[in-house]
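Okay, so here's just one chain, in structure tokens, the form predicted on its own.
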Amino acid sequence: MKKTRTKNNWIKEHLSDKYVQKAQHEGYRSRAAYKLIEINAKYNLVKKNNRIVDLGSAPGSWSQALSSIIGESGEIFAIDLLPMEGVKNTTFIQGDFQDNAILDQLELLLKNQPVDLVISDMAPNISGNKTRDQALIIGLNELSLEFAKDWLKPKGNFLVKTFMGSGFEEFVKTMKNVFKRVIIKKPESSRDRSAEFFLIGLEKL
């Protein structure tokens, strides 16, 4: 009974969430779109005609938000373990970014041309073991940063979801060696109870 009540409370809260309602009204696949929209409005990460890699892209709300900005000549390359319905100007690969074969497939699509922005909303399957879960998220953060280092243009930008805990400060220091400016941001559209933060790397050195 308690589990059912908790689930019902979550559904009620979710449906009354203003960002959920706004996403439904504006056609975004999830409320997560507004995290990217809010960050971009402040830091101008995305520009017309940009080439962008979207890691952990499903269900596609970030790709949707990006597509509306980059225009007809922009390109998005998205990847996720889960399936994702098509988004305009977006090439999607379903697979594990940690799998070298999938990474090779993504890099082949890039045709040896650098990109303007790498974004990562990747997160591990949460086990409830905070030490293990934190190590996994930092591991994904590090993989996405390594990819950004290899593929971003000079002065390109990087956005990654993370959680504060073991390894966080060290990861921030590593980012500061790659970008002119590093910002820690929790968007207004991120739920208060969520432990997530976003790290923004501006202008790759």
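This structure is a prediction, so every number in the text was calculated from the model and none was measured. In case it trips you up, residue 1 is the first one in the sequence shown, and so on.
The same protein has a further form, the form predicted together with a small molecule, not shown here; the description that follows concerns it.
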38, 187 and 190 - do all three of these have some heavy atom no more than 4.5 Å from the small molecule in the predicted complex? no
Can you pick out, from 58, 152, 45, 145, the residue that has a heavy atom within 4.5 Å of the small molecule in the predicted complex? 58
The one option of 82, 126, 101, 108 with any heavy atom within 4.5 Å of the small molecule in the predicted complex is 82
Choose one stretch from 169-177, 152-160, 45-53, 61-69: the one whose residues place a heavy atom within 4.5 angstroms of the small molecule in the predicted complex. 61-69
Although the small molecule is absent from this view, report whether residue 95 comes within 4.5 Å of it in the predicted complex, heavy atoms only. yes
Exercise: residue 87 in contact with the small molecule in the predicted complex, heavy atom 4.5 Å: no
I'd like to check something about residue 138: if you look in the predicted complex, is any of its heavy atoms closer than or equal to 4.5 Å to a heavy atom of the small molecule? no
Report yes if any heavy atom of residue 121 sits within 4.5 Å of a heavy atom of the small molecule in the predicted complex; otherwise report no. yes
